[in-house]
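The form predicted alone is given below as one chain in structure tokens.
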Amino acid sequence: MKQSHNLKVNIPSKSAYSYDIIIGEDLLARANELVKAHTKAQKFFIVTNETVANLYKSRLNIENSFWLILKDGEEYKNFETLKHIIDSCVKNRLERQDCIIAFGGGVIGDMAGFAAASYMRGVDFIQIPTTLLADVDSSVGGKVAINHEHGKNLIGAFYQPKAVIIDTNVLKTLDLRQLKTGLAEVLKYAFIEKTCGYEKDFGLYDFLKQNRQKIFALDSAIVSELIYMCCTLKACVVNKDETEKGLRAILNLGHTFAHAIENLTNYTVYTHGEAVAAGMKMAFKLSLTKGLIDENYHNTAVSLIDEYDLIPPMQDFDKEKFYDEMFLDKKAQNGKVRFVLPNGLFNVEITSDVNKEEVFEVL
């Protein structure tokens, strides 16, 4: 029997707005039905990239749709590509009641979503993610953006989709590096699980310890359950804090370091997940230095990251430049860098009480 899950994201600040996340096998074959169950749109603009189009364009058949196929890569997540998307909306006479569909990974989802938020002050938007990273992270929660030369995702909006459709079979065409980049965000949820405040304890850390081989083998039932747990935890956080006024920042464990790594290497050396995994190890080391966690938990957490083999050899960074990059992080406030730091078993806190010398020690 095929494993499937359906859960809701509820946004109280938007007059109890909610949308479905549908997780299951062979959902591309049902995309026409699922899309039309979640929007009244009559015309559909599908934005994807060359890699996804080559693999799956023939399998995503949505009536009355047109396509835009973009180049693949984080380096294209910029103003020029955003203009290209909006120019295509105008050229194809997309109207306010129509719908943009993001069919791809996080880069496509972020850009297509930002275009949807901007074009005619907002058109319907549906996410069909094609990577594990997008499944568990960027497709859920309504963060849409493009990069700026001085920082990742500096220009964007909070714009919720009408639905997120996750076909787990699509993951079978990911290469190992892209699978691992998604697993970095998955491990993040294990380390923040208790702070998310969900009513049920999934025991995600133990699940990851016990099922590593099945996860890498993309066992359908295990992967479906894993995505469901991660999406549930993220939805729990987003339901309480849609626009990252407080709690939602916990989803950025490791990201203050990661965004500096990505920006200093122009997004061309390490994947987002590789940078996040390295950033989480730095965050755990910083927490240990500050006495927020004991050595046992530090070693336990780092060993899980190492077991999943998520980090390639990292280059040496100029510490002053690295520290300066951190101030461009979106969590920075009042001239101080805010960090998400582990402070107990699967708990984290948000703090600005970190000095320059402490950061230098963990780089």
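Note that the coordinates shown come from a computational prediction; the quantities given were computed from them, not determined experimentally. Throughout, we count residues from 1 along the sequence that is shown.
Another form, the form predicted in complex with ligand NAD, is not on view; read the next lines as being about it.
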>> On the criterion of a non-hydrogen atom at 4.5 angstroms or closer, are 72, 133 and 234 all touching ligand NAD in the model of the complex?
In response: yes
>> Can you pick out, from 55, 29, 328, 302, the residue that has a heavy atom within 4.5 Å of ligand NAD in the model of the complex?
In response: 55
> Though ligand NAD is not shown, can you say which of 285, 162, 152, 84 has a heavy atom within 4.5 Å of it in the model of the complex?
Replying inline: 152
> Only one of 308-316, 293-301, 29-37, 45-53 gets a heavy atom within 4.5 Å of ligand NAD in the model of the complex; which is it?
Replying inline: 45-53
> Is the gap between residue 278 and ligand NAD in the model of the complex 4.5 Å or less for some heavy atom pair?
Replying inline: no
> Would residue 88 sit within 4.5 Å of ligand NAD in the model of the complex, counting heavy atoms only?
Replying inline: no
>> Is residue 178 part of the interface with ligand NAD in the model of the complex - any heavy atom within 4.5 Å?
In response: yes
> So in the model of the complex, does any heavy atom of residue 223 sit within 4.5 Å of ligand NAD?
Replying inline: no
> For 141-176: residues with a non-hydrogen atom within 4.5 angstroms of ligand NAD in the model of the complex?
Replying inline: 143, 152, 153, 170, 173, 174
